[in-house]
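Form predicted alone, single chain, as structure tokens, below.
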């Protein structure tokens, strides 16, 4: 779909820690925050020149939910915001996940904070009568979040941890293979090494949401351009962040 960027003021209604350095923020505001799962918003923060792009975790037409990890000055500032504070957001950014795909059995694969955009996607797929399996990867059990939130919208939720303290020991690809999951199509979001491994390990078609450093967030600066399999370049913020598996050059 073609994104239609808008600018709105949203009010924080909730901002709470879910795991070490991982927060869930809920906001309310006018206009449309996102039209499809996989889109993102770009947040203006005091004293910072560049906005912070954050994937939309959930949106119901009124309440916008964001999950974010504190990794720098911008996200530290976000973590300090309490209910009643306001933020200026650029909304409806990027092209999200397409739900019009073949097959009935869908696999959703998330790594760390890449779990975020898959929640709304799971809800939408389940509402359309698809069977949904979710595999989430974390470093350790202490870092796990949102697994219980997925359960009402999924047929199964599996976890992989690098140290084996919860679920399958190893990578998300280990959990997929050891559990013998059967599926027709996959969606994935997470760190680039994970996305590369998932794309190469799975023979089924799929869509992957990429992470990239962004300047403008809406396609002007070209700073997030990546080479594609056909030799062209595409912008993660504009043509992405979601790309079909066959488009990507690993």
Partner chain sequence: MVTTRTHISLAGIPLDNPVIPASGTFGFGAEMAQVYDLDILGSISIKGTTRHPRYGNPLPRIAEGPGGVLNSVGLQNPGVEKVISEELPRLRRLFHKPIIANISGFSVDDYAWACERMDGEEQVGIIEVNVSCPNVHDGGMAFGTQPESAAAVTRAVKAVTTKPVFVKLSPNVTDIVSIALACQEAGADGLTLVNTLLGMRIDLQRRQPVLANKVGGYSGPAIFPIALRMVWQVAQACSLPIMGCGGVATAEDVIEMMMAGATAVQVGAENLRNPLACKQIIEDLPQAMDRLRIDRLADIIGAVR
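Numbering follows the first chain given and starts at 1. Everything numeric here is computed off the predicted structure, so don't read it as measured data.
Same protein, other form: the form predicted together with its partner chain, not shown, and the subject of what follows.
Taking non-hydrogen atoms only, residue 5 approaches its partner chain to within 4.5 angstroms in the predicted complex. Interface residue remark: residue 20 is not counted as part of the site for its partner chain in the predicted complex, having no heavy atom within 4.5 Å.
Although the partner is absent here, residue 9 lies well away from its partner chain in the predicted complex, with no heavy atom inside 4.5 Å.
Shown alone here, residue 213 lies within 4.5 Å of its partner chain in the predicted complex, counting heavy atoms only. A heavy atom within 4.5 Å of its partner chain in the predicted complex is found for exactly one of 90, 149, 175, 107: 90.
Residue 218 is the only one of 218, 185, 59, 68 with a heavy atom lying within 4.5 Å of its partner chain in the predicted complex. Only one of 28 to 36, 60 to 68, 194 to 202, 220 to 228 places residue heavy atoms within 4.5 angstroms of its partner chain in the predicted complex, namely 220 to 228. Residues of 228 to 250 lying near its partner chain in the predicted complex, listed in sequence order, are 233, 235, 238, the criterion being any heavy atom within 4.5 Å.
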